[in-house]
Structures are given as structure tokens and as C-alpha cells.
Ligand code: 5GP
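Take a look at this single chain, the form predicted alone, given in C-alpha cells.
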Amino acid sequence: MKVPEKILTILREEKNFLIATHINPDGDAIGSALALSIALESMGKKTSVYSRDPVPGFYRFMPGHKRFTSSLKNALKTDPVLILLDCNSPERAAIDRYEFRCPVIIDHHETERDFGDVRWVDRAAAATGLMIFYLIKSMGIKFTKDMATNLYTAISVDTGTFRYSNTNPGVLRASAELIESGAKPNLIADYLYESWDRRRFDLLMMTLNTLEIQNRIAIMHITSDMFRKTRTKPEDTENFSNFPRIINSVKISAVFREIGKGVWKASLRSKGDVNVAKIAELYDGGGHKNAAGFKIKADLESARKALLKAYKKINDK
């Protein structure tokens, strides 16, 4: 993977950096940001790591997670170079009301915006963490155990722990090098998949009980009342949309999560050649071919019908 020389020059020459990522950060976003922060600080640079939303509890095993802040006040005092990771629009990171010097974009999503002075968007990359892996190598920085753990987690999350079609020889070679640098696959897998809070599991059971399948699309929903009953948070729903993909007849799995009165966030997952990013784009959302999302203002039944209509539209093309 070729890292743009302009990005390497900026990282070598500048002193202060603001590393930001998208709202509701996932393992790829968190791991990429933490690893890059640790790497830059090993060079004597100063970094701030920003996310509007807190690191979910089940990702707090990741070394350095307390680096994240939800405030930009102190970071902006140093006039930092912005490095936006795992997304490519300021709106997605909730930083659109700020002006930044020389914004740098590092991302792998299929849906692309035109923000940034320097852009490295590689849709073929399995994870932003994989891009950061090659960036750190190109800088000649030796991987520490903390960097390796964060990057291995990032790659694991976005490849479904090497189950998805984006797993290729390069992914496995990079992961092997991260293991050699101290990442522990068994411990990371335990944290990701076998350390759930009971309340989160209760929410999953309630969500699965809403499952309906139509035209090979599995649809579930989560209401605000379900969060109250289980004393859970939106961050606890990560990966819920993956579960119905287990059913061999299902092509698309969707979870509608209530985020306001009459407003729903849809998380879409697909198998094979079904491109859910194309569905999401119809409603100003985006993502990857097999993982995407969008927001819709409607009642639940209308939102469900909108998804089915969108699937038919892209299928008829």
C-alpha cells in the first residue's frame, strides 16, 4: 500500500496535530486514532485525539483510550493540523463549524465527500487501521505493543475478525506483524466478543424479538423505551445488525434505532454483491459496500417501506 508522500511530509514537518474521527466511534476509528497518536508522540509531536462521543465501554481495553476528549477548546489553541480518520466529511465528525489548517483525510469508505486539503481515501483498504499500519511503517517508526494492539483491533473489527470478503493476504500479513509486535489475538477476541455486559445482552434479545424478514431483508428495530428498560445506550447496539446475516436466506440485515421523535438511524449489513452503500446514499447516508447507514425522518413502518423501496430501486438498475 502506497502512502502519499505529501502526508508523510506533513507528519514529519508539523508539530501539533488534532486527530479526529466520526461520531459513535467504532473499533477501527478508535484503534487508528490511538495508534497514530502514540506513533506521532514517539517522534516528539503533540497530539489531541477527539471524538464527540465517548469510547464505548467494550473498547476501553484499548491502550490509551483515555487520550480521547470530547472538547476541542485546548486543542484549537495550538492551531493544529487536522487529521480526520475513518470518515471524510467534517459533519460526520461533528467538527463542521470549525476552520482547520491543512485538513488531512485518511479513510476507506466508499461514500466520499470533497473535504480536505490532502486526501488519502482508499476504498480497497480493509480498514483505516490497515492504512495507519502502512503509514507508521513508512515513517520508520517501530511498533510498540500498544500500537500493535490498537491496530490489530481496528483491522479485526472491520474484517469481522478475518471473516469478511475484504480479508486478503495483505491483511493477514499486516496482522501477523502486529502479533509479532505484541498484539494478543485471543485476548482481543475475548474483549470484543465474550465480555458483554448482561444489560447489553438483554437489549440484543429484545431486538432479535422484533425481527421480520421480507424479500430476503431482515429488519429489526430498537426504540428509546427498549434502551430505558435495559438501561443501555446506543453504543451498546454495535454489531447488532450482523446477527441476522447468519440466516442463509438473508441478503441484507437492517436495524432501525430510534434517535428522536419520528427519527431513525438505519444500520445496514449485506452479504456478497449487495451494495448497501448505494441504498444509504439515497437517503444522504453512506458507508461501505457491505456495511452502511443512513438517517430517516418517518414513522417506523414508513422507514421500513423506504428501505424495501430503495433495495428494489438499486436492484432494478
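One-based numbering along the sequence shown. Computed from a prediction, not measured in an experiment: that's the story for all the values here.
Only in words, not in the display: the form predicted in complex with this ligand, which the text now covers.
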- Message: Looking at Ile30, Ala254, Ala292, Val49 here, can you tell me which has any non-hydrogen atom within 4.5 angstroms of this ligand in the predicted complex?
- Response: Ala292
- Note on the structure: Only one of 244-252, 34-42, 60-68, 261-269 has residues with a heavy atom within 4.5 Å of this ligand in the predicted complex, and that stretch is 261-269
- this ligand contact in the predicted complex: Arg92, any heavy atom under 4.5 Å: yes
- Taking 4.5 angstroms as the cut-off for heavy atoms, does Lys278 touch this ligand in the predicted complex? no
- Query: Can any non-hydrogen atom of Gly287 be found within 4.5 angstroms of this ligand in the predicted complex?
  - Reply: yes
- Is there any non-hydrogen atom of Arg119 lying within 4.5 Å of this ligand in the predicted complex? no
